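Encoded as structure tokens, the following chain is the form predicted on its own, with no partner shown.
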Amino acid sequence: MIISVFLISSIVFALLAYIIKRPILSHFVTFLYSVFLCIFVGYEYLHINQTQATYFKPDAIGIIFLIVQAIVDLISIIHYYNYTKSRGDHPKSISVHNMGRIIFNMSIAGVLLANHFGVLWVFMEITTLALSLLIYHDRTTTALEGTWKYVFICSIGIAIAFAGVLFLSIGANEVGIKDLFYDQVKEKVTLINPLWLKACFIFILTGFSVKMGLVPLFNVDIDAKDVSPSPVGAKLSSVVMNSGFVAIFRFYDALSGSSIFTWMNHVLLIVGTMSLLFVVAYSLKVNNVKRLLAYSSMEHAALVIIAFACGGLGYFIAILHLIIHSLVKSTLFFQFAQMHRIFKDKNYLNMGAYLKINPLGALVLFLSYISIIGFPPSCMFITEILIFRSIIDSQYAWLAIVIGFFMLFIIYGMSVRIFHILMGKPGVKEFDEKGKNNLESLIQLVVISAVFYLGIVKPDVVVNYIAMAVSTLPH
């Protein structure tokens, strides 16, 4: 019942945000919805593993990323308000954006809570439509091109994923499975023809790579993060990436009991390694800071997939790494909004002396930087060390060497650009110091502090939920 109330209420909130043209009131509606989302997440947390409206069931992995979604959304509301206020955006653009973000949150929740492969696919398609409203916010030619590409390529990706669902359906029907509920498929997966299962996984991985930002459909994700407002880029690098992972996880989990288990891991290793290779190729030459952050997201998506393919400890570390990445990368995108207000540019060569211009923002940028590259004492240092350990334990020592080699180049490219922004000479003669916002930076500092706490302390509730999420996988 509660899921039906949530879906209907989300539509009502979205209509209100669109109908109300006064920006402050439209923002207030989205804030109320974000609070409503937090309440909904709390309810689902207390009713874990209880089936709702037949097609939904909050399980451990769904709850984990629902909480991450609620946190990122609540913080992004403040940043989006400041974003529109500093630019004097048109009320219509704001109301359309706010409507889109509510529909987006609803659809992501649907992806995370669905317990049926067909329902998951439907909500994933809705995320594409909702994101088109968010990406096109600025109404520029570049934004239009980025939005068109995103909708077009994502639609192709979702169509490819639908073919994967169809292949699974064909195989399931042959063994008497009449509906594609996760538990039903997992229970009888050993009876399904492996050919159908392989076709399903290949198409699913290819299709949903557009959401997670992996090879082969990663380019459109990079473009979308570049042309969209920074608060939207934060969602693309956290919430959307997580939804793509959860979608792949659902199929992987359901098919892991079959004879194609080892084959699936090999495919994931190939995709992850190829994705890292593309990150190296692009990140060394990119000057656009937003694209740099986007390629960094691709790097971490690849590391997560590689760790997951190694199994055992890798399952646990992959999810923990994804949680931490979501918080750190969204913080970097939020901080970039300030940098852009100050320097009026996305090229790192035109930025500089940020430590002097905006000391609190520079502190956030530096702490986020050492987190994202996995430098001690950041928690990503711990997760990345454990990722390498899981690779070696899986008898892929040679792969650990290759990945380590790739990451050296990626860290070098990131370091050169970040340190130029912090201490280099600005490439522009004039910049606007009024663009800094200490309240935003303080909020970001709290998030980064929470990230360090997660890595050092590892609260039992987080550990237990991740362990619960991967408990059904082969170890």
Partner chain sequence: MEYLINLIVVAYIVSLIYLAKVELLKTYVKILLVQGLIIFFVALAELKEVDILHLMFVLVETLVFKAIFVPLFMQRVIKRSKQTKNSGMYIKPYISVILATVMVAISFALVESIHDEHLEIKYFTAAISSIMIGLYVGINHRDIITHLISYMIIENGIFLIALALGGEMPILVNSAILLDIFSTILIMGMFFNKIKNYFNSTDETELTKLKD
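No experiment lies behind these values; they were computed from the predicted model shown. Residue numbers count along the first chain shown, from 1.
Another form exists, predicted in complex with the partner chain; not displayed. Remarks below refer to it.
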| query | finding |
| --- | --- |
| Residue among K356, R139, H90, H266 with a heavy atom within 4.5 Å of the partner chain in the model of the complex | R139 |
| Heavy atom within 4.5 Å of the partner chain in the model of the complex - residue from K198, K186, H340, H116 | H116 |
| Stretch in contact in the model of the complex with the partner chain, which is absent here, among 80 to 88, 296 to 304, 150 to 158, 67 to 75 (heavy atoms within 4.5 Å) | 150 to 158 |
| Partner contact for E174 in the model of the complex: the partner chain, 4.5 angstroms, heavy atom | yes |
| E145, heavy atom within 4.5 angstroms of the partner chain in the model of the complex | yes |
| Close approach of F406 to the partner chain in the model of the complex, 4.5 Å, heavy atom | no |
| Non-hydrogen atom contact I204 with the partner chain in the model of the complex at 4.5 angstroms | no |
| In the model of the complex, residues of 196 to 232 near the partner chain [heavy atom within 4.5 Å] | W196, D223, D226, V227 |
